[in-house]
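Read the single chain below, which is given as structure tokens and is the form predicted on its own.
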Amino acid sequence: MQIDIRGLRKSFGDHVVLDGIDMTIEDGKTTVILGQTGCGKSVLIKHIIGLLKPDAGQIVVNGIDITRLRRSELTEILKNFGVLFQSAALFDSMTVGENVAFPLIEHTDLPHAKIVGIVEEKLAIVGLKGVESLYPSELSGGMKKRVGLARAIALEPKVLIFDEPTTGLDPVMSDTIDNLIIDTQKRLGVTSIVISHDIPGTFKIAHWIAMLYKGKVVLYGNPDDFKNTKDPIVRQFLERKAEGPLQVEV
């Protein structure tokens, strides 16, 4: 699925968060969205999955402007989206198997035996065979992320959204999650959108990168465009330096 974002604007009171975002999320590719904390990355994602309505602009998914849809129409479109939240957002009172099965139970009429088979298949894809009976409290942080990914792909979505998937993980597990993002994109052919602060991981997984600053896209391009850019804002962010035009807001 291709997603075209055109002139997207959003303010909360006098605070402008998105100030005319224009970018294309290419079908079947991985796009990473970079930027400082509070620059509007999460607000942008909430617009893409219909949790927020823009003040102006369009989000066009396969030719359909989802900002104009009724809730029932939007729900049908969003069945094509899977989301891996930063904290994995698993239900603590449910087993791993029940967590992964949840979207299948909510959105399909599949028989129980079929659901069990899909749960096993998706857990195998993320490298977690035989953990269906465990509870989230028995899992490591990396395992929770992988269970969250298994749940996100349970309905075989066409778009996968990852909200800071490697936050809080050690470098080895971060690389494991990056490899899973790459493998999932190749295996399922999904369009992936990743919010991240992880610069090495970004260059490993991204086909395209967008950097937000003060509600605008300051650079959109491939990894080589970012490595070679002379833009001082982008350079400071990539080099993780305190000195430069980027300001830290307290």
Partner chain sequence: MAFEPLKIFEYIGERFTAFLEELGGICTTFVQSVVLLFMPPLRLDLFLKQMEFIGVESSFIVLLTGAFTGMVFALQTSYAFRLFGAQNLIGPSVALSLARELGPVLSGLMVTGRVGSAMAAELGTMKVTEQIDALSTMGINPVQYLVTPRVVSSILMLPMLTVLFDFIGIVGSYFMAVYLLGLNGERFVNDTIYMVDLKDVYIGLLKAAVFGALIAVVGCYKGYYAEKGAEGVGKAATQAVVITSVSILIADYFLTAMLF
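This structure is a prediction, so every number in the text was calculated from the model and none was measured. Note that the rigid core is defined as the largest set of C-alphas that superpose within 1.5 Å between two forms. Numbering follows the first chain given and starts at 1.
The same protein has a further form, the form predicted together with its partner chain, not shown here; the description that follows concerns it.
Enquirer: Kindly indicate whether Leu51, Leu90 and Met94 are, all three, within 4.5 angstroms of its partner chain in the predicted bound form, using heavy atoms.
Expert: Looking in the predicted bound form, the three residues Leu51, Leu90 and Met94 all sit within 4.5 Å of its partner chain (heavy atoms).
Enquirer: Where, among 109 to 117, 122 to 130, 72 to 80, 169 to 177, do residues come within 4.5 Å of its partner chain in the predicted bound form by heavy atom distance?
Expert: Looking at the other structure, the answer is 72 to 80.
Enquirer: Work out which of Arg68, Lys46, His207, Arg187 lies within 4.5 Å of its partner chain in the predicted bound form, going by heavy atoms.
Expert: Comparing distances to its partner chain in the predicted bound form, the residue within 4.5 Å is Lys46.
Enquirer: For a quick check, can you give me the residues of 146 to 162 that have a heavy atom within 4.5 Å of its partner chain in the predicted bound form?
Expert: Read in sequence order, the lone residue that approaches its partner chain (within 4.5 Å, in the predicted bound form) is Arg151.
Enquirer: Establish whether a shift of 2 Å or more occurs at the C-alpha of Tyr135 between the shown form and the other one, with the two forms superposed on the rigid core.
Expert: Shift at Tyr135: 2 Å or more after core fit.
Enquirer: For a quick test of reading the superposition: does Asn179 move by 2 Å or more at the CA between the shown form and the other one, rigid core aligned?
Expert: Not so; Asn179 is displaced by less than 2 Å.
Enquirer: Is Thr75 one of the residues whose C-alpha moves 2 Å or more between the shown form and the other one after the core fit?
Expert: Superposed on the core, Thr75 moves its C-alpha less than 2 Å between the shown form and the other one.
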